[in-house]
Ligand code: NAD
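We begin with a single chain expressed as structure tokens, specifically the form predicted alone.
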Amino acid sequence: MKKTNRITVAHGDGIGPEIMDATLRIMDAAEVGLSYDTIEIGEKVYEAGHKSGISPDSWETLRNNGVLLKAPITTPQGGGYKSLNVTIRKSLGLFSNVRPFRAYPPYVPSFFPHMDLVIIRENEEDLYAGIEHQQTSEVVQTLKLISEPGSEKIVRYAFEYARAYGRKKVTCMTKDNIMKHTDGLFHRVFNEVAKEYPDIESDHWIIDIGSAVVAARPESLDVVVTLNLYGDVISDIAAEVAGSVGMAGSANIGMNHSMFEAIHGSAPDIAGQDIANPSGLLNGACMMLVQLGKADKAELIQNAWLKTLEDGIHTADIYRAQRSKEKVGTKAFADAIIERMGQMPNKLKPVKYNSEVSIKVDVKEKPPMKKELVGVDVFIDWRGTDRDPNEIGDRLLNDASTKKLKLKLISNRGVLVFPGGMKETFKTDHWRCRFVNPEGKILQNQDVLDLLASVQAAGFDFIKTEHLYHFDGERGYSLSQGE
């Protein structure tokens, strides 16, 4: 990633302008040596007709500078508006979301005084691909997309981060006991990459119990790497148990571009009242300074910030009468940090960065696997007589099957309902009908087209198909529950 002294700044919506002004004043007082190109993004841009929340001119500025410091934005409610955060992350290839969480007791209350955890979240794939369809009157779907190179990039980044920052362990969190192909791929890649880092301990948690560990024993974790949605959820858990969502910063890192922000939202209910805590955005800005090779400036700012916390000068979200000395607003909190520039905390652990930190990720393209078509799932919108699976099953078996493709089973919401099945199983109007070659022969796409013509001729409304493949001889699709 290129080093630059010119960055793009977006003041955002809600409390965004207030906390951005505070952050920039602090950085200027620290003489960080940056120039700013300001762009407008968010609510006003959405309302001006840009469905993405950013104009073409702003895109150009962002791409040219390569680095964005962004305050929170507001996405309008209702359909048709896409998340600008997700759009920027995916459009610029910001594959890694890095969120450090540290406790600051007793100045910010936490049950875990030694918590020092970094969550590294895959940032481009998973359910956040946002590919959704309504398929029947009763059923909608979203696609969970996980790629091998995407998984390898984020896992390698996690291990490289751990090595660069002197971390001892990387923990992977997935749900591969249920999603054996998507989450299973991520876990498999993690295991393969971990072998290349024998100096770093590695382990794996199923995400549900892993989330409980984040909430109940965060001090046992060091670096966590996980998929997009899980990372989003456990980040907020970690922020809360560390003390406050308002304290945490976030880095979005790509090969050539980066974006830095707070993890919290725009909080329009307190906008314009000079009470917002700028700490999250400020800590995000310090992550940016480290990325830009200005680690000394990040240390200067964050140690002054820690001294301000120690001195009991707190914004309303962390103020407690029994331990705080002064409740201040956004501007006064920034002033207090500026006044302490050059001072070190006495009780909290001072911030010290390795100025030589450089994280590089190299993922080499692998040769394609041998792919063989062995069947097809045809999804059908059908209600029939009392939604009787035997009715649709017998008709598809007798009237729609072809010489090359014969009905093997039907499932409803993933549960086997034909042949056999249980009458107690709840059934919607969305049926997955699996056809395979009765002799186990390899198929061609034309065989699928012939089947679809036969399904249509039998009077069924097919709404989607999924080819069933073997990759290098291994089954590349899930079985039905009960199959």
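Numbers follow the displayed sequence, beginning with 1. Just so you know, these numbers come straight off a predicted model, no measurement behind them.
Absent from the display: the form predicted in complex with the named molecule. The rest refers to it.
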None of Ser401, Asn85, Gln291, Thr171 but one has a heavy atom within 4.5 Å of the named molecule in the predicted bound form; the exception is Asn85
Only hit among Thr308, Asn123, Asn277, Ser411 for heavy atom within 4.5 Å of the named molecule in the predicted bound form is Asn277
The stretch from 392 to 400, 291 to 299, 265 to 273, 160 to 168 that lies within 4.5 Å of the named molecule in the predicted bound form, judged by heavy atoms, is 265 to 273
Tell me, yes or no, whether Ile15 is in contact with the named molecule in the predicted bound form, where a contact means a heavy atom of each within 4.5 Å.
yes
Is Asp183 a contact residue for the named molecule in the predicted bound form, using a 4.5 Å heavy atom cut-off? no
Partner contact for Asp317 in the predicted bound form: the named molecule, 4.5 angstroms, heavy atom: yes
Q. So in the predicted bound form, does any heavy atom of Gly284 sit within 4.5 Å of the named molecule?
A. no
Contact check, 48 to 76 vs the named molecule in the predicted bound form, heavy atom within 4.5 Å, ordered by sequence, gives Lys70, Pro72, Ile73, Thr74, Thr75
